[in-house]
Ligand code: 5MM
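Just the one chain here, the form predicted alone, laid out as structure tokens.
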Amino acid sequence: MALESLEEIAAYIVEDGKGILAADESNPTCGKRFDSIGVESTEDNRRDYREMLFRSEGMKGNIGGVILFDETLRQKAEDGTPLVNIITAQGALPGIKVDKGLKPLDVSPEETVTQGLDGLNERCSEYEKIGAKFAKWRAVINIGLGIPTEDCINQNMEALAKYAKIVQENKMVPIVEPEVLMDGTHSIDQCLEVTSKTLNALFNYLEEHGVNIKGTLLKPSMVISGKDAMEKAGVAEVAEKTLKCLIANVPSDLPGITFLSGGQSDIDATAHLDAMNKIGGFDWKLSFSYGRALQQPALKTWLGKKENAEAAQAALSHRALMNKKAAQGKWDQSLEK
């Protein structure tokens, strides 16, 4: 993979329906997932689990990039092979989560702003030397009574733009992730309004800070009803309104949009992506950057036992293939049997 430019790296990650495996859970988040299957979250157990995922046969041809946590980027497999080498041998590119989490906004404590710009240039320089080809930064927008405020949207979107510029200066592709949370009772139309404002602000700031859009990927949430909404929008409406929002706010020269699954079930996340690609009418690649929606079946199968590794890898491989088909508009519910 002789990928020299940011544009080549970004295009490679999403070519031919490929998407991203998000395996960048922080240790506390990984701990919660391991708690659900009764496995202790030790460094070795986290390493064994992720190594098992990365060696899955279905990584090849379906996964173009893997987002890692700092610990994982530096880890070696049980046989001494760096995990980044296992990923590249599968035809995928290693990436790194670089934000430092959320802190409450001074003026609106129920909202948050993402931290991590301090020292980011130095960290990115080191990550690029270790082998990372792209980076990721997550901003979080909540929908509720009187929120999001303009201040929250602007602070988070400007931080995403500043991060993206620093990452590109360190020869990596930035993934910008403005997540509008599913939590709440809001309607799909409220989500559409907030997501539109968020994306509009994001691309204005990216332009203002001189970020190369052709060497950037967007990882948005879908336009979807709140988790506790009285009425839930169906697959067709989610696809139609998400596309409406993206076409109105995302430049056509962006190479790819890789959705986060954001609390959706693994099947719902696949169905929504497929429905959008079946509609078509856009210039960017529309793909996936799923964490739980790719990993959950594998995690539940693995249970921390070596004898379950092969079956767990088959579960991940199946979901990776299903999502590739969805990114090509070729998925069907019957394929899940």
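Don't overthink the numbering: it's just position in the shown sequence, from 1. Bear in mind the structure is a predicted one, so any value in this text is a computation, not a measurement.
Here the subject shifts to the form predicted together with the named molecule, a form of this protein not shown in this document.
Annotated contact segment (heavy atom within 4.5 Å of the named molecule in the predicted complex): 175-183, selected among 228-236, 88-96, 122-130, 175-183. The partner is absent here; in the predicted complex, the one residue of 261, 72, 155, 198 having a heavy atom within 4.5 Å of the named molecule is 261. Taking a 4.5 Å heavy atom cutoff to the named molecule in the predicted complex, the contact residue among 326, 22, 316, 10 is 22. At least one heavy atom of residue 26 is located within 4.5 Å of the named molecule in the predicted complex. For residue 291, a non-hydrogen atom is located within 4.5 Å of the named molecule in the predicted complex, even though that partner is not displayed.
In the predicted complex, the residues of 133-148 lying within 4.5 Å of the named molecule by at least one heavy atom are, in order, 136, 138.
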